[in-house]
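Let's start with one chain on its own, the form predicted alone, as structure tokens.
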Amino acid sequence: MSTFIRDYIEAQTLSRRKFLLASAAGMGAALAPMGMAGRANAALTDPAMAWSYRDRTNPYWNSIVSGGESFASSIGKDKGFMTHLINEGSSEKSLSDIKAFLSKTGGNCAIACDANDSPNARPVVEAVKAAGGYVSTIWNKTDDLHPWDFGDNYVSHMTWSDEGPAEQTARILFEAMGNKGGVVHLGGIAANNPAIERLNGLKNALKDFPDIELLDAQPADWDTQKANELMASFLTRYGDEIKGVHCANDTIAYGVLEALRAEGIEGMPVVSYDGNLQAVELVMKGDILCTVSTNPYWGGGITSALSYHAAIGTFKPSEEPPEHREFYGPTVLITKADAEEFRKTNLDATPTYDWTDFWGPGNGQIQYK
């Protein structure tokens, strides 16, 4: 195994520190108090743009925000036009930063947002609505929160149907384990919709494999270092009982692989999720069996596009059908057989999208159980 994983963990820590220092300097002005009068639902003039997300040092989120920057470029804005609201996994910081941005702009803004956990989506949306801004969300919201309950200001919500793809990765994992033995699952933040669905996908697959035992499933909070520590603890507790590892995302898998390397364990079957460049390369090498791409670049760009175009009046969200306000994004399973082609087509070259084709690659309206 290469030194990529160890180098990645070290670089991630250093980059995060640098980026947070830069973000803190840039957000200073946003914290200045200003009046926040409510707005009527009318088109805004040159609204400010922001992306509220977890951490750009994470390759997945870097791709998301790069898509947002691509959209900004398509309307003649430079990268600096879009404000980065980095919540570092804190729902409290997510809400606080969004409120500060609303105050700074007087509500003349279009926000793209992952609320970090599902309960935080409602206060975020309520704050944006009260200020007269526009927001489109991805991944996390509660099932009882819907854009159409907030007129035009809550433009849209996009998530991905993760249970099916996560079940596929689990079945690939079980076959590599010889259909028997113990498996461990390292998940995301416990309250995150994708973390819940990806664990459910694993559990769905287990129903057809009576000789596979789920030894443990714990949250690693989407974090490489936490995943590394959690996998080390699993190895201490379960030892040779572990025959395979089901990871909720790629950055978790990096920590798992480093923990295995530290114990001199080679060839342990590991599956992942997100389709980051580094993970696809590891699939090509055989260090990871498979991963799943959710096309984060398109997801980030189209979420920005939806909030911005709604804000300037290109379309009126309240006049759109439900499937245009809550919808699934695309997913692609990547195995060793197609990893090289996927990399050439989707990662080595910068994708080109029509950012006014708001729902083109989507996978239909979100369904609730």
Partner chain sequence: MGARISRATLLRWAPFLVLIALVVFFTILNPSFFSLRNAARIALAATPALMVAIGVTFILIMGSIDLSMEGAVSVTAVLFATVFLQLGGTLASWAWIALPAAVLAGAVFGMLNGWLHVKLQIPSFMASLAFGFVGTGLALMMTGGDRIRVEDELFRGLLTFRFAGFPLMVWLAFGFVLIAWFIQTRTTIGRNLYAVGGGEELAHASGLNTRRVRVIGFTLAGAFYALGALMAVARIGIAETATGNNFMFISITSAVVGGVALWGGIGGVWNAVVGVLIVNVINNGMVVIGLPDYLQDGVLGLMVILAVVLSTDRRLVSFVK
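Between two forms, the rigid core is defined as the largest C-alpha subset superposing within 1.5 Å. These numbers come from a predicted model, not from an experiment. Positions refer to the first chain, counted from 1.
Below, we refer to the form predicted together with its partner chain, which is not included among the displayed structures.
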Would L230 count as touching its partner chain in the predicted bound form under a 4.5 Å heavy atom rule? yes
Proximity of R237 to its partner chain in the predicted bound form, heavy atoms at 4.5 Å: yes
Contact between E167 and its partner chain in the predicted bound form at 4.5 Å, heavy atoms? no
Is Y154 close to its partner chain in the predicted bound form, meaning a heavy atom pair under 4.5 Å apart or at it? no
Does its partner chain, in the predicted bound form, lie within 4.5 angstroms of each residue among P59, T224 and E258, using heavy atoms as the measure? yes
So which of T83, N108, S91, Q218 gets a non-hydrogen atom within 4.5 Å of its partner chain in the predicted bound form? Q218
Only one of T159, N295, Q278, S118 has a non-hydrogen atom within 4.5 angstroms of its partner chain in the predicted bound form; which is it? Q278
Its partner chain in the predicted bound form: contacting segment from 260-268, 133-141, 110-118, 169-177, heavy atom within 4.5 Å: 260-268
Core-aligned, does A130 move its Cα 2 Å or more between the shown form and the other one? no
Hey, does G255 budge by 2 Å or more at the Cα between the shown form and the other one once the core is superposed? yes
Under a superposition restricted to the rigid core, does L230 display a Cα displacement of 2 angstroms or more between the shown form and the other one? yes
